[in-house]
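What follows is a single chain, given as structure tokens, in the form predicted alone.
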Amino acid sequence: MREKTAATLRQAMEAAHLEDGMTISFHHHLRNGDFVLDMVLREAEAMGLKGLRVAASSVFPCHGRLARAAERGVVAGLDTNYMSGPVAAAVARGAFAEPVRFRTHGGRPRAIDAGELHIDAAFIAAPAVDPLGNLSGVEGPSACGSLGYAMADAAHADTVIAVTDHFLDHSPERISIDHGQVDVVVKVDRIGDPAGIVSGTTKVTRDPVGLVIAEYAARAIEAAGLLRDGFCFQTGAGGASLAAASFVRERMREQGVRGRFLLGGITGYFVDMLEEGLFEDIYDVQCFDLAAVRSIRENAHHHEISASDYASVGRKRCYVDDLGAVLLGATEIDLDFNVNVHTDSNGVIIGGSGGHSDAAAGAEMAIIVAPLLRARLPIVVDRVRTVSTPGRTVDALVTEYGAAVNPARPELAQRLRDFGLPVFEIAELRRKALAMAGEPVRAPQGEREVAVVEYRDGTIIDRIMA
């Protein structure tokens, strides 16, 4: 590895022959604990680079320097699957010279594999690097688990730069990225704070409303006939989704059901279900907490997979295609079952699709779990502010008052009724919410395009205006 090792980050960047306007990429496995994106942009500014395009699988509040880099012209464009924090605010005020391109977790590797998103230099935050230059996500002080989102970058970038804070003196049992894909390795003091992996809710809710929603969602899965041997399951990391997983877990125990796999961003709760024997395997593109990091390091049935294998339509088959059920959130859902997870009701960017639309498209049953009112605002609207996931891929909305089923699935609605679940037309749920909270005043939409929303197959399904 000696010939690959750079003495400093500047030297590593110079080895990539970076020029103005090039595309540099980053992954988000350290989530809100990542230091690498900011340190690279600080060096890029010092080098006098301008007009760079950043392709980051997700952007978190810790990445504030990206907003500054955009305002100073160091960065012109951003390609990402999710964002929150100061960068989202910078997008809204027009800091980026070009509209941001939102992709999905499956759409990003599809675009990289297809050559639509060309990466000049990929910066991979590597928790550990062995003597040959192999990268591992499961060892070292900054271990984050799976490096699934960095794998397409490593396979296709012109130059791959591994940024690490830990050299191994042995080959790791789990190699995330092969040394043959790595051009340069540089050691820094710290690549991040692994405690920042745990960003957002990763515990089962105790909120009574959330628990009602969770139980209804679990009963809907059972009513649909999906709770059977070989069941494949994915949820988000939110409290209500994990509570629903808890109810599913209880029913699996009671009925002696053994599932095939758990998928997606993995929490300790899913690890417990694996270790209990309720599921045969976990396929992990991203660890959401440190319990998941421990599991992927120690358990042979906890598998690291690439984002391409997870959800890319460019593959002959991907793991989301085998999902029985997926539980997903929403900021809004409209009368046509279109879902918004990019913006709030006023059009402010607060997130992104991530794997939302990928999992909804692949799963046999995609369930949106959400309260009927959130902060006194109806979750069901006439038309969502931003389409993140098309309604044709959403099967049901579950609230604390009951479920609404997509009219394209009349047999599912009947199954839920036969199971004793309250089922409404989605317009009925909207009327119920309006009766309780009234019609909110929606902020007017701006006239400046600040972002485009790309579906998993590369088509543009919406534009965000500010």
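Just so it is clear, the structure is predicted and the values come from calculations on it, not from any experiment. Residue positions are given as counts along the sequence shown, with the first one as 1.
Another form exists, predicted together with another copy of the chain; not displayed. Remarks below refer to it.
Examine residue 97 and determine whether its closest non-hydrogen atom to another copy of the chain in the model of the complex is within 4.5 angstroms. Residue 97: no contact with another copy of the chain in the model of the complex.
Examine residue 175 and determine whether its closest non-hydrogen atom to another copy of the chain in the model of the complex is within 4.5 angstroms. Heavy-atom contact with another copy of the chain at 4.5 Å: present for residue 175.
Closest heavy atom of residue 375 to another copy of the chain in the model of the complex, within 4.5 Å or not? It does not: once another copy of the chain is placed as it appears in the model of the complex, residue 375 has no heavy atom within 4.5 Å of it.
Contact test in the model of the complex: residue 261 vs another copy of the chain, heavy atoms, 4.5 Å: Yes.
Among the candidate residues 88, 157, 367, 117, which is the single one with a non-hydrogen atom no more than 4.5 Å from another copy of the chain in the model of the complex? For this set of options, the contacting one is 157.
Identify, from the list 272, 336, 193, 183, the residue with a heavy atom within 4.5 Å of another copy of the chain in the model of the complex. Residue within 4.5 Å of the partner: 183.
Given that the partner is absent here, state which listed stretch (384-392, 347-355, 294-302, 99-107) has heavy atoms within 4.5 Å of another copy of the chain in the model of the complex. Only one stretch passes the 4.5 Å heavy-atom test: 294-302.
Enumerate the residues of 294-330 that have a non-hydrogen atom within 4.5 Å of another copy of the chain in the model of the complex, in sequence order, or give none. Contacts from 294-330: 300, 301, 303, 309, 315, 316, 317, 318, 319, 322.
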